[in-house]
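Just one chain is shown here, as structure tokens, and it is the form predicted alone.
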Amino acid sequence: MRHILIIGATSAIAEVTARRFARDGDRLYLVARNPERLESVASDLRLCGATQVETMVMDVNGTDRHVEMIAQAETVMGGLDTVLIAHGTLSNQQACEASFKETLRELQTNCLSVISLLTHVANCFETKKRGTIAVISSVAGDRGRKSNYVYGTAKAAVSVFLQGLRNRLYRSGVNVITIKAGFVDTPMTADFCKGFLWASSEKVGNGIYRSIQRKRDEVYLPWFWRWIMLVIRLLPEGVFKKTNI
């Protein structure tokens, strides 16, 4: 039985992943901003078979509360061995281009708050010499594109931070998983036109569950994004800057 902390637990992808944990009878501690939505998700997970489901309402940008939140999760559940960080916002690129304040806000949510959480969780698990840390990053961080380079900047920073963390914690027996998600059909992307490259939250959430089960290092979800991004990364900068992708 795992003792799992999920941050950003009301996101569509996190909810699917949590449902798989619940069916295994795991203990879950859920953190999110919206109390009504959070309780709805918690009730569903109890019905799905979770041994214990606890909740905490918190805005992750309040980084001064991160240590308290992690400690409370450990205390209430009698330990902590798995953390899934799934929160984030989809940046408005045009708004960020017009305002550094908006850019900073997006970097705070998608990058700095994640790094704060990772710092505290890593120190906790390193002391225990066990545990799994999984973080939803994005293929957007593999190369800067004009359509979303602020969002991509945040995800690139998180992915590199996770690489270093994985290297650091390997000898302590702590598994660190970078989840590079492609286009996912969720409420956050409701206004986007969907094409054949788009995946459902169910497919990505189930992929995250399998990645945690198998203790992977870095995964692209769906799998084909690994090869798409390989081609994009290999494009010379002189060619890439002229593209409209």
Ligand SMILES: NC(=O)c1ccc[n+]([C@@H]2O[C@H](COP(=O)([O-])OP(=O)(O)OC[C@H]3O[C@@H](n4cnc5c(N)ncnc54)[C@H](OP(=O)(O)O)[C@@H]3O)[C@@H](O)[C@H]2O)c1
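Position 1 is the first residue in the sequence shown; the rest follow in order. Small disclaimer: the values here were computed from a predicted structure and weren't measured.
This next part talks about the form predicted together with this ligand, which is not shown.
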Could you spot which one of 213, 189, 43, 200 gets a heavy atom to within 4.5 Å of this ligand in the predicted complex? 189
Heavy atom within 4.5 Å of this ligand in the predicted complex: which of 83, 136, 158, 73? 136
Heavy atoms within 4.5 Å of this ligand in the predicted complex: which of the stretches 137-145, 74-82, 95-103, 158-166 has them? 137-145
Taking this ligand as it sits in the predicted complex, is residue 61 near enough to touch it, meaning that at least one heavy atom pair lies within 4.5 angstroms? yes
4.5 Å heavy atom contact, residue 89 and this ligand in the predicted complex: yes
Does residue 65 reach this ligand in the predicted complex, with heavy atoms at most 4.5 Å apart? no
4.5 Å heavy atom contact, residue 116 and this ligand in the predicted complex: no
Checked 149-183 against this ligand in the predicted complex; residues with a heavy atom within 4.5 Å, sequence order, are 151, 155, 181, 182, 183
